[in-house]
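First structure 1, then structure 2: two forms of the same chain, each alone, as structure tokens.
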Structure 1
Amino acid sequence: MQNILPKTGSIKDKVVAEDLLAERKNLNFDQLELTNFVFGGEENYKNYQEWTKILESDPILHNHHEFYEFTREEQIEHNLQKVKRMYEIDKKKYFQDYSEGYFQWYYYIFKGISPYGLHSTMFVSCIDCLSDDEQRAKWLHMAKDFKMLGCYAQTELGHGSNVTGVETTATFDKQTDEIIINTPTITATKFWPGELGKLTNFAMVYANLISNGKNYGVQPFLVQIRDFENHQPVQGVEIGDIGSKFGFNGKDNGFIIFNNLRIPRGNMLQRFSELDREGNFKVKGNQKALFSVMLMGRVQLINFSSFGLHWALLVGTRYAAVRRQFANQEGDKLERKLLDYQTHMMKYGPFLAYSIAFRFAVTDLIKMHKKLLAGLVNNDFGNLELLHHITSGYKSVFTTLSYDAIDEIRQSCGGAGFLSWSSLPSLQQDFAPNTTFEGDNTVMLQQAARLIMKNVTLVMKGKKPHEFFAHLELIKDLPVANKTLSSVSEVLELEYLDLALATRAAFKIRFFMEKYMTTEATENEKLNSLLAIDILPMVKAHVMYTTFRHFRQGIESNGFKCENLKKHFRNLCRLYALNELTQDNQSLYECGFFTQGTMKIISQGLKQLLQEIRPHMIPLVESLRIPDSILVSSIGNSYGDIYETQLEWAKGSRLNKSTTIKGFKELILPIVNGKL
């Protein structure tokens, strides 16, 4: 028996699915206010709309689904054409005078990976932040105008997250006033830098400065690697692309080996250090500033964790609002929407809460990073240690959670999500390296632990910790008195949820510190061999609490005008907390904060929130107003067209250009016909 389905959408006929229209009618808040927020501000969203108009009106810039079947070479060439076209349209606006910031046109309108994204961020930022005034005046305009194309060459074959272990050498030759760049071992080969293999003519090389027989540690050097005229490698380098990867295949990641390549002494970036004609090295500021550019990279990864997760939710939630499966609704032969299954909402509801929580966190983080960059000009490094802690922890936790969520959203869309046409596989594959970029996520958690331990030591000495670590004062009050809950309304109080998450973090931190203080071993042994696995859960609990704090405080401090929007925010904030407490609550039982029956009430509260949020899922998720021209999805488009376009794109697939596949007639047909 055939079930009658509501009218589905059609991109071709410009018809929106009835189910999607019905979902949109539940909008009860100022969606534009939320849109501006999820895009990182009203100005960012206006810029995005401008970029979209340019893209949609230009045949070269226009995105199309054929991209999903492109080879690596075709993806790179396709996006090189887009870079050239944007340069032709307005080179002054989009290149020469463009301020990189945290929301770049080339990351948000390209299908696939921008071929020069790292040039425009990491390479240009190095010149801008680490060069002295003379160097900056000489190089910055060349880099922004694409006359100097650069990459950020820090990672080596044998050293990634361990920057201090970099082996590449830069030896000063006093006789010629030059610096000689060398790759002394196979593990010193620069390996992974984006844009290096084929596309750039300069590299920002991080290498050990050796002068007058002394090693002064890792410094940045501007190194020309290809000829300006013919783009051929200069003498003294061996260079190429590293090959195909799990994802991110539209990016040219390369390797380079240096063999006595000479550069002028003045090509060492000298805002924070200096090498004079006699080879004397002088520090002019905090040497940690040399790695401040990595902070920019981490901030951007944290930023895109929210955006990327929300992007996947936009596709998945639209599909789940239109796709119906199994006629199991009481008194109705109509099949049930995927989004109406509690199990589906148990995935998507918390994912939306995490996406919005990450957005509140990165909003505060960007403000802190801007303040740091402004201070660097005057050698003010006041927030550097704290920002290193935050970006290390948040980058690790946010990218891991977002990647896992994108994968689960893809799985929840069944076979339709597994198809490249859905856009989810490419999103997942291109997001995948974010868990490794700018530091392995486990190492990042270990680095974030240092400042936690430092502030715990202050608390144990009776001193005040930094305000960011105020929750560590709870350590003094553990174990806590029993907190018995009697109703769901109690568990939904934000103050209670704040205390629960803060207590969970404080208990895990105290648990680790007690082990650390009583274990008889060297610090190295304790942190790397004996107690290493205890570090990770304590840092994650700390990050999840401070993220909740950003969320809770940000609802009131960001000046939102729409009361209904703030109501939705509070519910999502509650959902974030309850999901966290559902997944990890053992510590709260151990310290006495939870008692028998607590989780039963938390479960009831979580289910109640899912019911309250369910009618508003489409209006909330669609606040990320990514047009179909950028989304390019057979199941997540704005029409709710989940069948017609999917079939049309399948019919037009490359393999269907002929009735058989190459090799079949020659290799298999003879077997079928008994001729072999």
Structure 2
Amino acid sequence: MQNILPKTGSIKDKVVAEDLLAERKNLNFDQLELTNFVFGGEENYKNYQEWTKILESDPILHNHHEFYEFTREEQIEHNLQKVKRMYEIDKKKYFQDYSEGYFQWYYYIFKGISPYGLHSTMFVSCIDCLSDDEQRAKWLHMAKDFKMLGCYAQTELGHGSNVTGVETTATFDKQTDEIIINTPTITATKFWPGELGKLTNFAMVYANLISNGKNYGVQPFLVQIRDFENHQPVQGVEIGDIGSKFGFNGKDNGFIIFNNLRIPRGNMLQRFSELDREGNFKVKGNQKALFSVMLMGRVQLINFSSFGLHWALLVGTRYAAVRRQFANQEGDKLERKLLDYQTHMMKYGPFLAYSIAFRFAVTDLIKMHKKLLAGLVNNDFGNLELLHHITSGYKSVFTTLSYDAIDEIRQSCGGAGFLSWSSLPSLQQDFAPNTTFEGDNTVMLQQAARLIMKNVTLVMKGKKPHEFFAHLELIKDLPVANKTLSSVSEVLELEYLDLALATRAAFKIRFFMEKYMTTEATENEKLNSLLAIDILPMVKAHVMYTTFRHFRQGIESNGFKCENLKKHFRNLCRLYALNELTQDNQSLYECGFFTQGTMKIISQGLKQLLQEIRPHMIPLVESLRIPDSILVSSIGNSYGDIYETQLEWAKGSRLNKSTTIKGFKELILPIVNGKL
């Protein structure tokens, strides 16, 4: 029996846990500067603060812990109340002028699942970018004003990643000047579109245009699916929600089956293609522009990867600073803080490093994306190909790493993390689709491989690769360096770590390319069946290296003023690299960059970093300033109240509304009383 805990926190009594107070005293850097950075800039953070003021004070927008026990129907109804309230407060701000920073607010108020999030982004973007001027004038204001509520209906039951496989048909009927939408097979059923299930009256339907007996491929069509007045499905559609999911249950992913639904010819979106009265089809403009819209979704997922991981860390690190287990500290009867276990820091330290690394990467990415969008106006496609490469690779690697990390943080909080009150279960479950949607993560890595192959081919021909791929030049003479490490300080040099990660990537790329060039088979067979498993680690190593480069360069180039903050960044950058080199180092031994004895020095370096970072964990992690009322976590609140709130919420939970549960008295009590 031990009961000699330092004072734990109490929200009720406004007492901050002694352990947490002590951790906060270690703050030795400008936390606000870091806060501005993790929120995507000073302006974003200011907007966020204004926004949270409203959120915290508004009785409808306020988050509640009861939400964690809501059914799907209750979650959706609750979120619709918030939508209505936001619309009332400032429809322009919340639904019409969204920008990249805006997506984060969604996260706070809707835990990432805004009822009209896809309407406001994908559907509105389609109208904005794919309509001709006339269509735009007719529809855009309707969509922005919530008169037309739309979903993006591309995926079918039988066709997900393979967009060109879509089977839905849109057949031009010359007689009536209409287009007839049909679902010819069961696999052609539109399946998965968010907000289709219950909440929208229009759909942007991707279907094969068939005119005069010829199939012109997949085009977007604006289709009304429910009645304006009573929201009942229109004739010619069968429609509904697709059911309960692993997570993201506040979203009404839906299905729709079309049966000879007729729409006017003018409802085909005509910015990049045209169908005339005679059924003649022609392409106009550069369809590449379509990609730039898709990119935005991926940039957001990359953004969320940093953000969601940081959120989980905020909960987990506060818990680990207060929760104690096992009195195993010499001469001290006090139990040890979880965060003081080396095994715990070996999880949380690298996770923080990854979260910050992803932040540096997305900061650069947003700049590139903005530049691209600006150029598009003048038909300048600039870095489109490069951005496609970066966003596919980063989306795949970051969402997977963050999902796994959130899961591990949840598990590292033991039972407390398993309870919904901690916020970690819903965080994980609602983050989970990110590894699938906007491109399955395995497919995304394969796509990202293409530009690597293109650039390495340049290098092999003695030409210069694009500067983003400068590290590919290493393949010519691997390893460049082969020095036997003699001290820990060497392994902590950023220059050394840079070369190590670049060499790892280069070796894997060369390893793949050698096989690729010597294997006798068709390209399809090589890429999908014979060499596919060499592609994934190659692209991952490349992404991890370029992310490191964003991180390392960003520390110096982003204009940070606080020297201590920069010191912490450098340590996290080192930790990122050493964690990588601990997990995957075969290539470095194979090319002789690592030799016998390296493991010992890396292990020492890693431990030294963990010790240096340990005291700063709370000040660093708490840079993500999320008020308790928005965080809504029983174990991650700012008071370090890890017990009182947990017990109080438990007491008020749904199953405790009555003392016995339905069924017990009729089914089991007779057995207990010997009557059965």
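Just so it is clear, the model here is predicted, and its values are computed rather than measured. Just so we're on the same page, residue numbers count up from 1 along structure 1's sequence. Note that the rigid core is defined as the largest set of C-alphas that superpose within 1.5 Å between two forms.
Two forms of the same chain are shown on their own. Structure 1 is the form predicted on its own. Comparing the forms between structures 1 and 2, the C-alpha position of Gly266 differs by 2 angstroms or more, with the core used for superposition. Fitting the two forms on the rigid core leaves the C-alpha of Glu178 displaced by at least 2 angstroms between structures 1 and 2. Once both forms are fitted on their core, a CA shift of 2 Å or more is seen for Arg277 between structures 1 and 2. Superposed on the core, the two forms differ at Asp128, whose C-alpha moves 2.5 Å between structures 1 and 2.
On a core-based overlay, Gly112 has a Cα shift of 5.8 Å between structures 1 and 2.
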